[in-house]
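Quick heads-up: it's one chain on its own, the form predicted on its own, in structure tokens.
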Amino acid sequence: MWSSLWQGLTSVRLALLSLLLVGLGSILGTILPQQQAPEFYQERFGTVGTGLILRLGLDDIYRSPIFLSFIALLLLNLIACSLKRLPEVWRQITSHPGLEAYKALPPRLQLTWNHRERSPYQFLPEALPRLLGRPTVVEDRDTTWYLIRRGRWGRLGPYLIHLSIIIVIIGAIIGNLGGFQGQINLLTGEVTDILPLTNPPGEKKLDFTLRLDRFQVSFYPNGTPQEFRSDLTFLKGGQPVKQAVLRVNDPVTFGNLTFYQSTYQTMPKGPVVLEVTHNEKSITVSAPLRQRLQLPDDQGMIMVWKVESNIMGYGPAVQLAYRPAGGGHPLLFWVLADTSRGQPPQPGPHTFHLKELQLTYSSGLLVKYDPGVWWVYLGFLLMLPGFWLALFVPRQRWAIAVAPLGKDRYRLTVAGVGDRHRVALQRRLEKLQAAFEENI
């Protein structure tokens, strides 16, 4: 039973199956919105689908027992495969093949040495360490053999890659189970010591206070944001302990938390003032952001859904969600402050004009705590020499036989083989031939 279990754990089929399951789980976690309220799934998948999603943990799949079991299966397979094959690979690295094994290598080159002032016994010990590597010299009757192994440590490359993948996965699991992630939105001058969590959902009380001293955003002429930054102050006991400038791709670390400048929001300073026209009658209404506003005489309902300071180069604008009196789904459309170049179409029967809009910006900060990040970094650092050993260190064996032919004449026979990298073997042979012909 143990033998069958071991064979199963070390099989390539299990490796492919575990990779497929991890891939399918990742695809499902990408397609299915994660960490939503049960009502969200109820509306889209019904009672049966929602029950299945919640029971299997598919609403938080990367923390679910099913997905973690797929990861554990992949880890077991990698560890078992490495433990099974590594002893034999280590034996091949540390063992020294006998002369007969080198004699069986395919011949690549044969030359006659006629240099009277310098024998190959003088030339080869000096040249071979530079051209091929330090040789082992073996005498066999009247023939002298120079035996060389190259790239034997390259056999460890795949196992170093296995180890790095294992460390990366362990670091990801540690970060996923022991870490958290949240989003803070602050206006200039605001302070907070509460972190609203997005993964896992909830909130966390911080042991310090965060204050946004200033938020700046600049735009390209077409309205695309060029740069946005936050000037932050971290306080403990009401006293500043650190000040930092936070930019995109330039995170700030405080304690064990890392802060990223992730986004910004355009916010109205007060209610948005709109002029509403219906049946040739106009009224002025004040609409707070994201609050339903009933139009007079129950003629419909609106909500200011979004505000932009420069929408595609057309200047300030608000996006309205409008539901006519007849009901139905809300309709979204933009209302521009500057109507000199026209106004986007509106669904009617009401017509909206933007009369007053005072803007400000809130800074969106992504906050992360990841206790496994250093394990992940270590794994990637180990992966680099693993790939170098596996892909760029060719394994070769060379045997150069020197046999006397008479006075001051010798026959040089070069034999060699490479496990892979035929081009590397041919280039090494060409360099060796050029050095021999230069000294013959």
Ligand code: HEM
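Residue indices: 1-based, along the sequence shown. For clarity, every value in this text was computed on a predicted model and none was experimentally measured.
One more form of this protein exists, namely the form predicted in complex with this ligand; it is left out here, but the text below deals with it.
The closest non-hydrogen atom of F387 lies within 4.5 Å of this ligand in the predicted bound form. By the criterion of a heavy atom within 4.5 Å, L429 is excluded from the residues contacting this ligand in the predicted bound form.
For the chain shown alone, R155 is a contact residue for this ligand in the predicted bound form, at least one non-hydrogen atom being within 4.5 angstroms. By the criterion of a heavy atom within 4.5 Å, V423 is excluded from the residues contacting this ligand in the predicted bound form. The contact residue chosen from L246, L74, L128, I311 relative to this ligand in the predicted bound form is L74, the criterion being a non-hydrogen atom within 4.5 angstroms. With this ligand omitted here, the record of contacts in the predicted bound form names 162-170 of 162-170, 96-104, 193-201, 319-327, defined by a heavy atom within 4.5 Å.
The putative spot formed by T10, C81 and R85 is fully lined by this ligand in the predicted bound form; each residue has a non-hydrogen atom within 4.5 angstroms of it.
Residues S18, L19 are the ones in 17-36 with at least one heavy atom within 4.5 Å of this ligand in the predicted bound form, listed in sequence order.
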